[in-house]
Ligand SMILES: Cc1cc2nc3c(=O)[nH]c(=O)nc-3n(C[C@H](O)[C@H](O)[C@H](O)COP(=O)(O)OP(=O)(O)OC[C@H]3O[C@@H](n4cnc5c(N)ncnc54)[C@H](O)[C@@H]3O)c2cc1C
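First, one chain by itself in structure tokens, the form predicted on its own.
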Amino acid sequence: MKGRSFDIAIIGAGASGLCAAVAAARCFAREGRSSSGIALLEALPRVGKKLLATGNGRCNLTNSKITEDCYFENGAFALNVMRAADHEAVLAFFSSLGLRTKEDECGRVYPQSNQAASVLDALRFAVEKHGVCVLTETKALSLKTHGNGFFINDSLFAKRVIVAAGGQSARQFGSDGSGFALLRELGVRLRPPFPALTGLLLGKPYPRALKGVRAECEARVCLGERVLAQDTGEVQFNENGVSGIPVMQISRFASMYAGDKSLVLQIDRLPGMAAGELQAYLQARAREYPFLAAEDLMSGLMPKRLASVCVKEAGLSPSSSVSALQQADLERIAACVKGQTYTIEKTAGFDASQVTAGGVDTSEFCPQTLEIKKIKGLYCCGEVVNVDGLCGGFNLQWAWSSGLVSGTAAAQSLLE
């Protein structure tokens, strides 16, 4: 690689980097310019490894119901960037690559094949078709400005550079935070990265007996009495804590206040039933079935192991006879069902997270191009930027949009 020179070098061949490469190549092709001047650098032996794991292997590639509220902190900036490459533009882009998609009732869009590999293949085939130079097992260890361009690893020169190296989430897929280090060395301002869309590890008295249980719950991250965030859906109970979509949606707030002793998780284990309604149900059930064990009072409402834990948390034996329960006992059971509180020891961390929050401060960019204002010719896209959103295709939408915008802008700047 020593002494090689390119028009555009893209650091990172994940979702946003692949998209940027195709966008830049198409710009060059329209002007009759060779795409062999575009280099795509990837530290791993193959491109797009993290993409294959998205959406449990199905790849929820976008969502038709995107609003500013789907993104944390910088939703307005994200939507400003997406004006040039919105949801419809992304669908049109993938359609032009031959990828068929389908949408579910929640607006989530998947490949028709239900396989993330189909999305990656569409991008890989386009990169190959345009003759982009793909350099795998090539990690960018340094990035320096030089004259009218940049040197990567003191050997590869590029007139334009797009940093698409990802965040720090899921290190096994190549996201090790190295892109942050490259940009920090150039004086680019970053917000401290922290894990988002991850699980929570809970302290005592969290019951390990719940390991493997899944149930519809409302989860709330609270700082003392203040509710920071809440969401409802299927919570997965693990040996040391909880995960599942509603937990992931609110986990970034636990990351933000990590270490605060007043940080707790409140779980309503029957969000579809009001407290008064539940008490009345338990009273009627106790009258009709006095011979039942206490843990069977909520049979049909929730998994038996979860019901058993609720009874224990009320200070009662799950096997005790319903006939022996007093009104106060039923009220305590209902209270434990509707609002048990656990200390949050920490999040499950970067390796278990799907997205990194933090990254390059959005004030550093021109949103129309994603070029760093103070360093001409340097662009960023994807997770390295301080934009993160909810589960449901919103983070991949950002990856595609930012990749299309930065790739197009970098190429056009060389054609002007």
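All residue numbers refer to positions in the sequence shown, first residue = 1. From a predicted model like this one, the values you see are computed outputs, not experimental measurements.
Not pictured, yet referred to below: the form predicted in complex with this ligand.
Participant: Can you work out which of L325, A140, M298, L201 has a heavy atom no more than 4.5 Å from this ligand in the predicted bound form?
Facilitator: The residue from L325, A140, M298, L201 that makes the contact is A140.
Participant: Out of A13, A24, V405, A9, which one falls within 4.5 Å of this ligand in the predicted bound form, going by heavy atoms?
Facilitator: Answer to the contact question: A13.
Participant: Among 357-365, 24-32, 372-380, 37-45, which stretch has residues with heavy atoms no more than 4.5 Å from this ligand in the predicted bound form?
Facilitator: Residues of 37-45 come within 4.5 Å of the partner.
Participant: Report yes if any heavy atom of T347 sits within 4.5 Å of a heavy atom of this ligand in the predicted bound form; otherwise report no.
Facilitator: T347: no, not in contact with this ligand in the predicted bound form.
Participant: With the partner left out here, check for me: in the predicted bound form, does some heavy atom of N238 sit within 4.5 Å of this ligand?
Facilitator: N238: no contact with this ligand in the predicted bound form.
Participant: Flag P246 as yes or no: does it have a non-hydrogen atom within 4.5 angstroms of any non-hydrogen atom of this ligand in the predicted bound form?
Facilitator: Taking the distances in the predicted bound form, the answer for P246 is no, it never comes within 4.5 Å of this ligand.
Participant: Looking in the predicted bound form, any heavy atom of G166 within 4.5 Å of this ligand?
Facilitator: Heavy-atom contact with this ligand at 4.5 Å: present for G166.
Participant: Does the trio C70, V81 and S401 actually contact this ligand in the predicted bound form, every residue with a heavy atom within 4.5 Å?
Facilitator: So, no: the whole triplet misses this ligand.
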